[in-house]
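Given next, in structure tokens, is a single chain: the form predicted alone.
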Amino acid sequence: MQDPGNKKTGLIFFPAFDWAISPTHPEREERLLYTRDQIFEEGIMDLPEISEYAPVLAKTHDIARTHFCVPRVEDRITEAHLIAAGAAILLAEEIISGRLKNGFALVRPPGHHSMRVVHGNRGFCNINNEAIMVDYLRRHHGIKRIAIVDTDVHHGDGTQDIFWHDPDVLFISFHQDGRTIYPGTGFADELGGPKAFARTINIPLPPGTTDESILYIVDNLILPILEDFKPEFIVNSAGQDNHFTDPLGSMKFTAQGYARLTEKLKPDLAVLEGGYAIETALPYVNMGIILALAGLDYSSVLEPDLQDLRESGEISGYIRRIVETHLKNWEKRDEAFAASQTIKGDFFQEKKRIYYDTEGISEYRSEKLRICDDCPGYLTIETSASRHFDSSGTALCISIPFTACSSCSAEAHDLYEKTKKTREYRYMYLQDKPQDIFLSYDFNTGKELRSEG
């Protein structure tokens, strides 16, 4: 058996040469090519602490375990998406098996804006690589408690949506304040569904926040909560667009700040998300993260145009106040969980409107969570989407969580079978996570497809 002290950091590079939104779009293959060139030039890949892996494809069933792709998974993804998700799964498998200490999936396309329902691309994302990997680990390795820490400048609204009602997945996102940047969400009062209060923690940061404040948040909020939550696996949704040179953000993080954050957080797996300063940031930030994961000295990783970055006292004071607020929310999480049992009726209902900025799609959703004393409850989503007055029709999505009780599972299956006898929708889906079964029904053809893991 390998000595734990000698385990390596695994890397996968996947630039996705055959996938692009447009040739000049900020999310393009050069995001990884400059990083790869610098890492090879510096000899990082020759270090005994580093091991490079070739990517593999995720299965379409891995996607369906997490997402409802309307009308089918195959209609919403390319092979590049399967490879990006497959890379995260492969490294996670190697880490869980004990063959790697940790890993970094430097892949594209990114995924953290992709929600539970997928009608197209939003925020450069079609499917959520981290969420797919997390559900894979839960299914195939029985891991229960997982933490995802999103360090992208944009709020990880897709990851939040997927795990909003899940008490066993802790989602923490720090990001530039949604009042100043896409997607306009991620405020401190977004704390999770009634059965998962405070399992979602959003830390909106003022433009101009520096390394000093984010490391204060890590030390005084994120690490204490992780210690209390005791996750079996920690994922870093590793967006790098908080860098002071990024063209889409207005923050003041440095490569050294990202490296120190990684050293403190000690994620099992980092998965690349955003970051669009292709020459001035990404090669340095990525190198700092890799060296920190491998336990190597990163002190010489400095950007050539590094500035004296400072923040105002107002920002520092705000950061300390929001840390105090979240710590109080975390301390009261069990009280709020108990209070959720007093919800009137059998269902908790929400309505949402979601805009797919990349493709100009408007989605309308009505969600109902079954309130159950014995489990998190199954979720139903009525969803419809339109683009330029071309409607895709309404779909009903039913999701049974991993820890569902037998009563909720039976009720969800009964709803699916009863609805098949109507013509109320165009499509219907049943996502049964405990049994690892995915059913899809097309009301126009009367055809049902079944997928099993």
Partner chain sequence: MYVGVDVGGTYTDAVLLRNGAVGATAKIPTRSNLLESVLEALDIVLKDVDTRDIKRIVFSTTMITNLIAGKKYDKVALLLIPGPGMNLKYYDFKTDVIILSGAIDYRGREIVPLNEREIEEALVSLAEKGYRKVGVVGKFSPRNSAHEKRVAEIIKEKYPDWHVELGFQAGPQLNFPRRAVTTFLTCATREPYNTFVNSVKEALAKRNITAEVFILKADAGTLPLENSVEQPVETIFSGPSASTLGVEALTPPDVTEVAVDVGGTTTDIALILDGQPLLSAKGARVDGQLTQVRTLAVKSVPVGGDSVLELAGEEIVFRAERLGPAYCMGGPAPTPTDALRVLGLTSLGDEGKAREAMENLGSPLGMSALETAEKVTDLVVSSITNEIKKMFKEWEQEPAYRIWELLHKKKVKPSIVVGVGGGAEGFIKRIAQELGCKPVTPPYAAVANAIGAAVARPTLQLSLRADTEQGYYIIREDGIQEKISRHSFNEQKALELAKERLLQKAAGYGLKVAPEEIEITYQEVFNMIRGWSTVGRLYDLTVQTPGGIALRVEMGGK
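Every value quoted in this text rests on a predicted model; they were computed, and no experiment measured them. Positions refer to the first chain, counted from 1.
The same protein also exists as the form predicted together with its partner chain; that form is not shown, yet it is the one meant from here on.
Participant: Taking Glu29, Ile83 and Leu302 as the candidate spot, are all three within 4.5 angstroms of its partner chain in the predicted complex by heavy atoms?
Facilitator: All three within 4.5 Å in the predicted complex.
Participant: So which stretch, 403-411, 65-73, 417-425, 49-57, is the one near its partner chain in the predicted complex (non-hydrogen atoms, 4.5 Å)?
Facilitator: Within 4.5 Å of the partner lies stretch 49-57.
Participant: Met287 near its partner chain in the predicted complex, any heavy atom under 4.5 Å?
Facilitator: Yes.
Participant: Hey, in the predicted complex, is Asp442 touching its partner chain, heavy atoms inside 4.5 Å?
Facilitator: So Asp442 does not count as contacting its partner chain.
Participant: Would you please decide whether Leu223 lies within 4.5 angstroms of its partner chain in the predicted complex, comparing each non-hydrogen atom pair?
Facilitator: No.
Participant: Do Ile437 and its partner chain come within 4.5 Å of each other in the predicted complex, heavy atoms counted?
Facilitator: Flag for Ile437 set to no.
Participant: Looking at Asp297, Glu335, Asp357, Glu324 here, can you tell me which has any non-hydrogen atom within 4.5 angstroms of its partner chain in the predicted complex?
Facilitator: Residue within 4.5 Å of the partner: Asp297.
Participant: Residue by residue through 31-51, which ones have a non-hydrogen atom no more than 4.5 angstroms from its partner chain in the predicted complex?
Facilitator: Sequence-ordered list: Leu33, Tyr34, Arg36, Asp37, Gln38, Phe40, Glu41, Glu42, Gly43, Ile44, Met45, Asp46, Leu47.
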